[in-house]
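Only one chain is shown below, in structure tokens, and it's the form predicted on its own.
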């Protein structure tokens, strides 16, 4: 993408969608910790003429508790600005008259208070953390396998996420186990589901081409947004790992130095192994819609200067 094409795209923007964990803050003990510059970046976006929404697969707390935690970290965020899988799942359950068996974190159970749960005819799985015991997984399996037409909902499908003490297995791992055991395909509620992104766009009242998604997950954030026609930016905070870039499928791209990638538009293909070594950089995946990491062979990655804070300044100055 040429520099002027990218500037034209930015000028057409009317809304920005931010992932949260790994982009705004790192989770962990207590409330976690805000990523340097992220509080200021949110303030700057809110002061601009761009609409701002937050799109997360967080399922370890209700939205109210989640937003309260972010408030203690210094973020000015309202519950109505946050889109998460549990409320979306509740809407689906009501529309289809389904009664869920829940395999979710204890703190997100209140999101499902308004739905009937006796005699379940479907299973909902979320990031249950320590509730992912053999006993609990086997109970979910027994419910599914006993249904004539098994219905499995997964609140996201991430492989892992990052907390301050390291990477943690995410719900997608356990979703795959139930899919395999019951020979069923889960319905994903949350990123990267197109329906989930479309609900955010509808709330802002804008077209996909007018929206930019910023996240730390190449597949669920960037790929999911692109599948809806949005633009996607990958930050190198959170669970980003340079090991993604050392895989053989990335070696076809042309090498540039980190300093060049950090300070210039790079319309040509980049060698991620060399150009992603500076963790203050931010990248835009502009081609292909990755469904998993192995399918990103021909993704064109254009450099955008700076971290989230500098990106915010740069967008407003174009």
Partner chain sequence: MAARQRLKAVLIDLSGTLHIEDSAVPGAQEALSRLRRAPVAVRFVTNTTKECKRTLLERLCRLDFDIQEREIFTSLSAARGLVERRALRPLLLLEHSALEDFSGIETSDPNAVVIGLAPEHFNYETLNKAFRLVLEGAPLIAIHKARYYKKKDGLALGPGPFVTGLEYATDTQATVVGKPEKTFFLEALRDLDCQPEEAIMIGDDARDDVGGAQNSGMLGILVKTGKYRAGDEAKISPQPHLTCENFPQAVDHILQHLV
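Residue numbers count along the first chain shown, from 1. Quick caveat: nothing in here was measured; it's all calculated off a predicted structure.
Another form, the form predicted together with the partner chain, is not on view; read the next lines as being about it.
Pick from 194 to 202, 224 to 232, 180 to 188, 73 to 81: which stretch has a heavy atom within 4.5 Å of the partner chain in the predicted bound form? Flagged stretch: 180 to 188.
Given that the partner chain is left out here, which of 109, 173, 98, 90 has a heavy atom within 4.5 Å of it in the predicted bound form? Contact residue from the list: 173.
Give a yes or no for residue 117: in the predicted bound form, does one of its heavy atoms lie within 4.5 Å of a heavy atom belonging to the partner chain? Although the partner chain is absent here, residue 117 would stay clear of it in the predicted bound form, with no heavy atoms inside 4.5 Å.
With the cut-off set at 4.5 Å between non-hydrogen atoms, does residue 151 touch the partner chain in the predicted bound form? No, residue 151 is distant from the partner.
How about residue 169: is it within 4.5 Å of the partner chain in the predicted bound form, going by heavy atoms? Although the partner chain is absent here, residue 169 would touch it in the predicted bound form, with heavy atoms inside 4.5 Å.
Can you tell me if residue 238 lies within 4.5 angstroms of the partner chain in the predicted bound form, counting non-hydrogen atoms only? Contact with the partner chain, no.
Any residue of 135 to 159 with a heavy atom within 4.5 Å of the partner chain in the predicted bound form counts; write them all down in order. 137, 138, 141, 142, 145, 157, 158, 159 sit within 4.5 Å of the partner.
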